[in-house]
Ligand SMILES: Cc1ncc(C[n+]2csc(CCOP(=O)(O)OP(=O)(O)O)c2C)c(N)n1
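What follows is a single chain, given as structure tokens, in the form predicted alone.
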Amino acid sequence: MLYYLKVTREAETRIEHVLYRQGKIVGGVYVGRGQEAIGVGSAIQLIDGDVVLPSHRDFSSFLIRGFTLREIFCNWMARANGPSRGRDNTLHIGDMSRNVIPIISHLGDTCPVACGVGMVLKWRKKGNVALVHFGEGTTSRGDVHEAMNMAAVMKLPVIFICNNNAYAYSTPTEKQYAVKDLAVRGAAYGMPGVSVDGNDVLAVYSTVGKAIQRARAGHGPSFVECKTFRMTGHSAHDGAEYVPERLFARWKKKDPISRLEKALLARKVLNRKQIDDLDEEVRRQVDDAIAQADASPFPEGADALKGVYCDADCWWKKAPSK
């Protein structure tokens, strides 16, 4: 867990604070600094056959499900050998062989897709589950409620994970909804709803783990609200001047990486030197991945139409009927 927390933080810091400002990444840059524990604590317990539908702030989910740092940096830097072949420069990537469904920009649209995935998983009867991530602002959309209702009625093995980072772009939670905890929305549709400290990776692991086991047993969906804070703007071009400094100071004390380090040191699972060595190894891995991506070619213009339509070799034509 500590490795994935650290490599996510280091990679996203380079993306937002170095590569974007060097002009090597253009367009929107969205990171999940401060809320890394949610992706790590949930995706790390998935097994073969499970499916994850990450949001744009769940970098760790891609790594845990098998994407390499080189692949991800190649995509951010729009290189020909990135997963989107240079067509896109964000985390709008997926891979059916690794059971990662690409992000839909309007995150609410991802929830009905998760229900479709859940229907297939239930049909296959192998005890697999689907995790879908979205923000608290997304829970105000109609398609999210339709998906939650459908999942509950059909007892689909879907875990709805709300990354509640307190701001939907520049809108604070008190201007978004009138309930204290979004977890009550789970109960409203007949599924368990739980709020958890989203900056405590062990708490996320435990809470999502219970929801996963429930879904594997055929008891249907759950709603998990992970309370956290976005320690940056909505994107790299957003200075977040609308966020009071006292909130950044308060949540900095709850940093998920520092908290796990303290817990591991207190229990003598790791010592300080081992943590320092891990930091050095993470920096080396990120340095290498960026160098490999920087040396990779940009796509040829003629390749722009390749893979637009499903040909004989695409995954959909080769997929089994069940």
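The structure presented is a predicted model; accordingly, all values stated were derived computationally and were not measured. In this text, residue numbers run from 1 along the sequence as written.
If you look for the form predicted in complex with this ligand, you will not find it shown, but the lines that follow are about it.
> Exactly one stretch in 248-256, 189-197, 102-110, 145-153 has heavy atoms within 4.5 Å of this ligand in the model of the complex; which is it?
That would be 102-110.
> According to a 4.5 angstroms non-hydrogen atom cut-off, is Tyr167 in contact with this ligand in the model of the complex?
Yes - in the model of the complex, heavy atoms of Tyr167 and this ligand come within 4.5 Å of each other.
> Spell out, yes or no, whether the shortest heavy atom distance between Arg141 and this ligand in the model of the complex is within 4.5 Å.
Flag for Arg141 set to yes.
> So, Thr232 and this ligand: in the model of the complex, are they within 4.5 Å at any heavy atom pair?
Outside the cut-off, so no.
> Counting only non-hydrogen atoms and a 4.5 angstroms cut-off, does Gly137 reach this ligand in the model of the complex?
Heavy-atom contact with this ligand at 4.5 Å: present for Gly137.
> Only one of Arg70, Arg65, Arg33, His56 has a non-hydrogen atom within 4.5 angstroms of this ligand in the model of the complex; which is it?
Comparing distances to this ligand in the model of the complex, the residue within 4.5 Å is His56.
> Pick from Asn128, Asn75, Thr207, Asn163: which has a non-hydrogen atom within 4.5 Å of this ligand in the model of the complex?
So the residue touching this ligand in the model of the complex, by this definition, is Asn163.
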